[in-house]
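Shown next as C-alpha cells: one chain only, the form predicted on its own.
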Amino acid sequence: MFRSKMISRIAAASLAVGLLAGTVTAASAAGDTVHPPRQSWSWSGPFGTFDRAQLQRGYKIYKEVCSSCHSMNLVAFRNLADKGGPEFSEGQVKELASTFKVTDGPNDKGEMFERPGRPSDHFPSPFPNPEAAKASLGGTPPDLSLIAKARGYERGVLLSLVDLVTQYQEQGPDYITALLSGYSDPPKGITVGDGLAYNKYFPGGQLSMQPPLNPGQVDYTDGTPTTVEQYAKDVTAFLMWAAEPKMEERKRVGAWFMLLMLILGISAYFTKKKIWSNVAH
C-alpha cells in the first residue's frame, strides 16, 4: 500500500512538472511577448454591468480614431440606444448616425449615391472592399464587431483551470487594452522592420498598425483623464459591448435561473423528507 501511494505521488508530481514545463515552453515560444496585466472591469463577475459613461466615451474613441481604418459591420446605429449598451437617446443616435456617409442606391438613374446615415444603418466600412483597404494600408484591418471575443492569449493549462473557478473571462479585453497602450521603443538588439511598430504584447513583437492613440488626442467632456491608458480601456469596453450586447440580460436571466433552481432544490428536499418521514428504512 505504501509503495502504491508513493507511485501515485510521483506520478502526480511528474504530471505537475509536465504541465508547468508545457506552460514555460509555450511562453518561451512566444518570444518577447508577455502576458497582459489584469484590468479591473465593471462587467466582471456574474453580476457585473457595463459602465454607460465608459461605453459612450469608447464610442467616441472608435468614431474619431478607429473608424478611419476599421469597420463594425455587425453593429447598427440604433443599437447605441439599446438597454444594456451606451444608451444614447434616440435624438443622439440620429445625430451620431448622420455624421457618417452611407452608400445607397441605385437611384432612378441606376447610380449609387452617398447619403447621411440613419439609425437603421449599420456602421459603414471606411473602404468599399477589402482590396481597397489592402491597397491603401498594405493590409486589411479586421472588423471590430467581435474583436473583443475573438482575441485573447494563452494562459497555460494550470491558469486555465484556475480561470474555471475564478470565472476570469476577460482575456480578450485585457489583451486589447495592453496592445493599444503597449507601444514602445524596441529593446536593445531587436530591429524593427520597415513600416512596423514594436509592441511587447503582440506575438512576435512587431505589427503593422502604428500607435493609434496619443495623450490628449480625443476630448472628454466629463473630466475623465485623456491618457492613452484611459483611451485604451474606454474603447475596449465599447468593443466588448459590441461583441456581447446582451451580456447584462444574459446575466440577469442566469441569476434568476440559479435562484429558481435553488428554491426547487430546497422544496424537493423537504418534500422528500415529508413523504418518507414515516416509512421505515
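Everything quoted here is computed from the prediction, not taken from an experiment. Start at 1 and count along the sequence shown; that's the residue number.
Keep in mind that the form predicted in complex with a small molecule is not shown, yet the notes after this line are about it.
- Segments offered: 146-154, 89-97, 162-170, 114-122. Contacting the small molecule in the predicted bound form at heavy atom distances within 4.5 Å is 146-154.
- Of the heavy atoms in S208, some are within 4.5 Å of the small molecule in the predicted bound form.
- Using a 4.5 angstroms limit between non-hydrogen atoms, V228 is distant from the small molecule in the predicted bound form.
- The shortest heavy atom separation between Y175 and the small molecule in the predicted bound form is within 4.5 Å.
- When the small molecule is considered in the predicted bound form, S40 lies well away from it, no heavy atom lying within 4.5 Å.
- Shown here without its partner, the chain carries H70, G139 and L213, all of which come within 4.5 Å of the small molecule in the predicted bound form through at least one heavy atom.
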